[in-house]
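In C-alpha cells, one chain follows: the form predicted on its own.
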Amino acid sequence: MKIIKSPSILKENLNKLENITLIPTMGNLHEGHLSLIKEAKKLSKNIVLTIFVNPIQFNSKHDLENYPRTLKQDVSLLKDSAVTILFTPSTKDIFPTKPFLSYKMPIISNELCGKTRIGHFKGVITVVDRLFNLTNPSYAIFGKKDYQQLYLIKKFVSDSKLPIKIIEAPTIRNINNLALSSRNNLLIDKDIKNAVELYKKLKICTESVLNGAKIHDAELMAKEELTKEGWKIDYFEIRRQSDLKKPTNKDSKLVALSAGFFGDVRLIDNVEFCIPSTI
C-alpha cells in the first residue's frame, strides 16, 4: 500500500492504473470501512481509499475540531488490506482555491438531515466531486448508513452523466445492532446502550406500519418514546426509497430514517422495508 499526500503524485500513480475503485472516508476507520474494502475487492485490484476530514460539510466548528482523527491507527488497520493507495491530503491539497460547485443541489438536500445541517450536503457533494476528478474511478463505494447522502451522490453522478458506478454497501452493526460510526467513539460508556434505541425504534416503527398503523401515528409514537428516553430528535420519518419523497398509498418500497442527539453526539440510522400498500 502506497501512502500519498500530494494530488500531483497521486495523479502520477493513477495514470498507470485502470478500473479504479474509490472509497472516500474521513478516517477513524472501523469494521464498517473494512467491509467497504471487501466489496471493492470484488470489483477491482486497484483500490484507492481516501482519508480527508472535509471542513465544508461541518455546520459547527466545535464538531469539526472534535471529529476523531486517528491516522496512525488507520494506517495500521489498513496494513494488511487490499488497498493499493491511501490518499491523505491536506485541506489546501483538496481546496487550493475557494470551493465552488456549479451543480444545483436537489430540493431534497434541504430536508431530513439537510433541514438542520444547512449546506452540509453541498459540502459533501463538493468534496466528492473533487475526489472523483482526482482519482477518475470506475467505481465508488458508499455505505447505506448515510442513506440521504448516498441518494444525493447517486443523483449527482446521474445528473452529471459521470461514467462512475456507485456501489451501495450495507450498514455494518455491532453485536447490539448499533450502526458502526466514527461518532460512536464520542459516546461515553453509559450512553452506548441508549444509542441502540434509535435502531430499535426504527424497527418497531416499520413493524407497526406493516401491521396496519398509519405512518404519521407510527412516526409520532417513535419520536415521543425517544424524547422520553433523553433523545433530542432532528427527524423521524418514513420516505420512499426511490427519491426520499413522502410516500403515497401506491408506494411499497419505503425507508424509515431518523437522526438525533443523545447527549452531545448526533447519530443517524435507517431501516428499509416493503409493504403491499402504504397506509
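Predicted, not measured: the structure shown is a model, and the values here were computed from it. Position 1 is the first residue in the sequence shown; the rest follow in order.
We do not show the form predicted together with a small molecule, though everything after this point is about it.
Only one segment in the set 165-173, 125-133, 189-197, 98-106 has residues whose heavy atoms sit within 4.5 Å of the small molecule in the model of the complex; it is 165-173. Highlighted residues Ser35, Phe142 and Lys145: every one comes within 4.5 Å of the small molecule in the model of the complex, counting any heavy atom.
The shortest heavy atom separation between Leu180 and the small molecule in the model of the complex is within 4.5 Å. Although the partner is absent from this view, Asn270 stays clear of the small molecule in the model of the complex, with no non-hydrogen atom inside 4.5 angstroms. Heavy atoms of Gly260 never reach within 4.5 Å of the small molecule in the model of the complex, leaving it off the interface. Remark: Tyr235 does not count among the residues lining the small molecule in the model of the complex, judged by a heavy atom distance of 4.5 Å or less. Shown without its partner, this chain lists Leu43, Met221, Leu210, Met26 as candidates; in the model of the complex, only Met26 has a non-hydrogen atom within 4.5 angstroms of the small molecule.
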